[in-house]
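Coming up is one lone chain in structure tokens, specifically the form predicted on its own.
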């Protein structure tokens, strides 16, 4: 039997439905009656960092090749008969998938034939088909993809930085793995990872747009079979507090140097809370956001250009405040950011500036609920992180300037940072 709970938000004057499906799958439906499109995302809490795990009470830890989660994502689109993309061509849906550090998601958007497209999504993700021959073929395809992404400057900048920051955590490993690591993947290993992580109790489906709960459940009831819950335990080596190196450099075909500066946070084997994450996003905007004094000065002097941005990068066992962009003098950018952080830590953040940035983030948060793609991604990401999607509004409203000052002093140490630079060959 399916258990359906309605969740409302008075500020937005909107609601969504959280469903415990009889199969074990968690389903979210966010109806948008006046929208012409629908967006669905079906994900598993399984990403590139999950290379050492055990599934089940009596299982033993196994270590699998780097890149296997991404490899598995590619392989699920294939079947013994017709592949998923061929099937989608008949419904007119636009489909895609991605693997990140902590999840793998399959998605589609459509303006018609929703039920037929959802049936394809649920069917192919729950119907694995791997053979030694198809695995061997995919190794060649993904091997070429790895070589191309290794030469992509912005991708290289990020992973050069992560390798400079993290000694043991697998977040420093390319999501697709290496040519060598994927050569070790077999059909049997794919099935082992699939059976561990593609258990419906470890997954979620989020749908937003011109759709009803009844439409979604009609397809789910038809396709999904009950799944016995498995306890999954992930294993990570203890990550040192200190960065591996302060500076790392790589040479590629670039017209202007790219840089990425990361301030490593000591998070142990946990992940940051929703409140800490929102505090960090506000804090980064205050330090060097598009309307900050520091950003304006660096732009006026030509030190950075419009590619400059910041992000809070976090997950299980890792966290870092990152600034990146293009510059002929990355060391000077680093010096100025360090200087601004130290000034704010010493003097404290201006209350009026904090209130202005907080209002900006609050407005941006609310606007996100007008986009069906964003809504569905909110729902699935928040669920995997242990949050509810409307919680962010209340948490954001509760944040004070004292919270930001405390987080700034606790989370950023300018002496525990790394910088990667991609220079011309």
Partner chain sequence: MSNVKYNETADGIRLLCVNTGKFKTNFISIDLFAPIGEDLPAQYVLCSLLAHTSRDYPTFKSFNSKVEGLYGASFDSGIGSYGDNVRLSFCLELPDDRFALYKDTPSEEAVDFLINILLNPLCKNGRFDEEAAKREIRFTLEDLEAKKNDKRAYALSRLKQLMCEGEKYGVDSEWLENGVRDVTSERLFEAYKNLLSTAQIAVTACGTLSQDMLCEKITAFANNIENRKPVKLTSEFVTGAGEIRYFSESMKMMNQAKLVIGFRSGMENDTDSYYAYRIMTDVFGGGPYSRLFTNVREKLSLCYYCGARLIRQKGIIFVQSGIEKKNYNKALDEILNQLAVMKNGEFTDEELESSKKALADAYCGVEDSPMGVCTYYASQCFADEIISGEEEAQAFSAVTREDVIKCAQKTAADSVYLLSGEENDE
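Positions refer to the first chain, counted from 1. Given the structure is predicted, the values throughout are model-derived calculations rather than measurements.
If you look for the form predicted in complex with its partner chain, you will not find it shown, but the lines that follow are about it.
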property	result
Touches its partner chain in the model of the complex: residue 78 (any heavy atom, 4.5 Å)	yes
Residue 213: touches its partner chain in the model of the complex, heavy atom cutoff 4.5 angstroms	no
4.5 angstroms heavy atom contact with its partner chain in the model of the complex for residue 401	no
Interface membership of residue 186, its partner chain in the model of the complex, 4.5 Å heavy atom rule	no
All of 59, 234 and 245 within 4.5 Å of its partner chain in the model of the complex, heavy atom check	no
Answer option from 115, 111, 269, 100, heavy atom within 4.5 Å of its partner chain in the model of the complex	111
In the model of the complex, the one of 225, 352, 241, 147 near its partner chain [non-hydrogen atom within 4.5 angstroms]	147
Candidate stretches 59 to 67, 26 to 34, 378 to 386, 45 to 53, one within 4.5 Å of its partner chain in the model of the complex by heavy atom	26 to 34
Residues within stretch 325 to 347 having a non-hydrogen atom within 4.5 Å of its partner chain in the model of the complex	326
